[in-house]
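In structure tokens, one chain follows: the form predicted on its own.
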């Protein structure tokens, strides 16, 4: 299990922007759009949609305000692109959970991916939380379609494992809610965690040390067992 953690929970990439298109052969225009999206993610995650200003986003992107408005005609257009990129990041992290996979390995890997997402993209996590708390005006349809369909599909795998005695009898959607709540807390409530723990190096003291415990507790709580351990 430690090998899974080491391979997937990589050092922070917090300075890296969310990508709009392929990384290879990117034009100057695409790189500028990336800078704007990255800057907007930071500003929106701290101030919300209403509190964010295009001028401030431009300053964070180190670009003239006119450049921002050239690529994104309004603040609403920019916010929509940013939040849709965050959702794409979330859906990509969901990965695959298949019947032929060991329950403990599959869910441990999934939890680890979610922790890595919180570690590497904390602003994106906080922005996602703010969007959902406000009623998901931009991504509501994606939550009701893509995310719901994914949970229902993977829920069938969970129910099969439950019938086989390899997982506790927990409603699949609520199992995911528990995983999301725990893993996203480390990004969304970083200030609180730092205040309580006194951590000076958040990555090393919190993610490196706590991640294995988070995975272990959730795996035990979900009652995950490998097939050879079922009696």
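Numbering follows the first chain given and starts at 1. These numbers come from a predicted model, not from an experiment.
Unshown form predicted together with a further copy of the same chain; subsequent notes refer to it.
The closest heavy atom approach of residue 80 to a further copy of the same chain in the model of the complex falls outside 4.5 Å. The closest non-hydrogen atom of residue 182 lies within 4.5 Å of a further copy of the same chain in the model of the complex.
The closest heavy atom approach of residue 93 to a further copy of the same chain in the model of the complex falls outside 4.5 Å. In the model of the complex, a further copy of the same chain sits within 4.5 Å of a heavy atom of residue 50. Of the listed positions (99, 105, 151, 88), a single one reaches within 4.5 angstroms of a further copy of the same chain by any non-hydrogen atom in the model of the complex, namely 151.
In sequence order, 206, 209, 210, 213, 214, 217, 220, 221, 222, 223 are the residues of 200-224 having a heavy atom within 4.5 Å of a further copy of the same chain in the model of the complex; the partner itself is omitted from this view.
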